[in-house]
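So here's one chain in two forms, each on its own in structure tokens, numbered structure 1 and structure 2.
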Structure 1
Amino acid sequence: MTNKSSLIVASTNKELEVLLRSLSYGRFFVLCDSNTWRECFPLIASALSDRPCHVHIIPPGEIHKQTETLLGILEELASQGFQKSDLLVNLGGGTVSDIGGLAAALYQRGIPYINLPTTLLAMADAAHGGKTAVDFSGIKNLIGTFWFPQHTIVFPGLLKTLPQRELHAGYVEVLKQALLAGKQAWNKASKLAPEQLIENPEIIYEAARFKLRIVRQDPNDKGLRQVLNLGHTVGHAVEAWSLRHPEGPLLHGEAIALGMLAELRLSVSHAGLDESFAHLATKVFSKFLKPPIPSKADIEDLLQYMRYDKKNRAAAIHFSLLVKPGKALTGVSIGENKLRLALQETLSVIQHQ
């Protein structure tokens, strides 16, 4: 399947219903986790009432983004006799769209699917771009492929039941994308609280459109798409570190907020980002920090995680850095001593807030 996926926005239940009814496929295989089945499926049930539909429910959370869950989905598709003329519908956050997208890619060497994201992270980011995966052998997203959805339907009304912590963590990715999109997008997004999003859905649509624009230019993640890694080299290390912390784990967006602080600092020293702008942006991302926060004693652990980061070629640690809103550099290699210093300074600033 090539990258022809479209982004469709629905602002009311009625619009969502009309959209779902207009999809011309045979049967629907709706994949939910137990929370999205309880909270979100009732909102689409009437739109599906006049067509053959099978619902498959998986347990929620990253811990179940595993081959066992994937095999369960494939077994169900087979036992229910699903065909290439049918449609898999991923109703959930990034966990559901990652695993459901992979099941769609594998079953009968590829069947069509759509994403109906239910978390902010998935609406703005994970549900676009065709990256599908499960975790394997203790490594995140080790098994996966590119398989693009036919459509991603963004209906912000589904966020009404999303836990506040998930909403806040998702907003970090919205902010990061706004920074990469440009000054106008950043000014709008940085002034809003995540709770105001349902009344201001344009911010979500803009983040989704931005992600899709980048993906269309670089569907297989060979170059441009790496700008989206801003905040993620340090952020992924913090996320991995938090898994072993008694107060952890952090949600992805919470770890990325800390990553953004460190990488804004590196953007000033290595990409020429204006220092006063970095200071303002740091204040915005700081609102989304959550414990546990690493201490200076954890810096060597963080560096170790970064050495293993998949973006790092030839033993150097690489970054995507911001030059100014709307402009980023990719593949910037930074020596460990400079990185150690930037982490020390970032953690000191957080401690004194």
Structure 2
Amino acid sequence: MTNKSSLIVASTNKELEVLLRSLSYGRFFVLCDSNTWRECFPLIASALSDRPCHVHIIPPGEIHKQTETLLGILEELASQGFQKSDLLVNLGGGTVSDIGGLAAALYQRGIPYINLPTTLLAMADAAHGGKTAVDFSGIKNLIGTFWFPQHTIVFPGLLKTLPQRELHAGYVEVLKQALLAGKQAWNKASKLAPEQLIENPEIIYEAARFKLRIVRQDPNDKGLRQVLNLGHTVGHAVEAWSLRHPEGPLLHGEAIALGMLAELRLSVSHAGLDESFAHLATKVFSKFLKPPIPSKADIEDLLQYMRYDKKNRAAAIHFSLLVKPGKALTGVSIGENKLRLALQETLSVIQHQ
């Protein structure tokens, strides 16, 4: 489908209210999780008060991004009689935008929706691009489709509601986008602390604009867009592993931080990335690692998760790897023995930090 979605920035509460009141739809169906209902919905409630508004609350966290939650949303849309002239509003992080976007794609074969991201991860990355999905059979994003939002409204003021852990995890995606954007973007982002973003929101806007430029050139993820998967082949496997770990689950960005460490190592051996730069970037991403960390005994489980990655072709595990800041390769096939060795080396380094 064509990507006609837009990024809209709201710098103040007043700008956000004006934007929401200007949306020309009959009714609002607001999807929240229990955290965003408590912390974020009161900030937008008055802007939605001039027309009928129904709120549906789901449990928070990736662990609930399942078909059962999706069916509950669809049942509520149907029981409340929502139509194509109405609007679904995803008020939340990546889990809410993923599952809410999929519900919008499926209900009546597609209804309009917008994303109002409440996490740094979603503002910079997850709420843009039209990828919608739920996890299935323990595999992340196994069921989904492309269905683009009408708009994604980024209001940095919502970051004030975030716990520090969420803010730090989200910054991993900001750093990844900066690596792909080029050396200047990387130097700027890697020297900034996540806590400074509310006063320096341009970093968020730059990350979001970069992703949208890539998505508009390759909306259905057939080629160029796959550069955005840097760190995610290993990272998604770590995230899936953590969902079953008694000390888990990891936040998405925390898992991607570990994925970045492994894939920077692979980038040196398979894409020609300068080893000294990879070392410096590894030090930056290492700041965002959190337990649980897989052990060498978990490597076979991680490989099994990676075998289900959507980029794979002909039973080979494929990666997007960094050549240098601003340049990446897609579709790099790496044999499992070499991948196993890279994972062993990465985990050994982490354990000795």
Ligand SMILES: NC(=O)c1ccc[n+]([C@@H]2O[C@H](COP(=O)([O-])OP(=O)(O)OC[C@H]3O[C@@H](n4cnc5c(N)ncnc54)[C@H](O)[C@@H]3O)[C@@H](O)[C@H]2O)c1
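Each residue is numbered by where it sits in the sequence of structure 1, with counting from 1. Remember, it's a predicted structure, so these values are computed and weren't measured experimentally.
Taken from the form predicted together with the ligand is structure 1; the remaining one is not. Treating the change between structure 1 and structure 2 as two rigid bodies, the C-alpha atoms of residue 92 and residue 6 are both best fitted by the same body's superposition. Superposition of the larger rigid part on its C-alpha atoms leaves the smaller part rotated by 11 degrees between structure 1 and structure 2.
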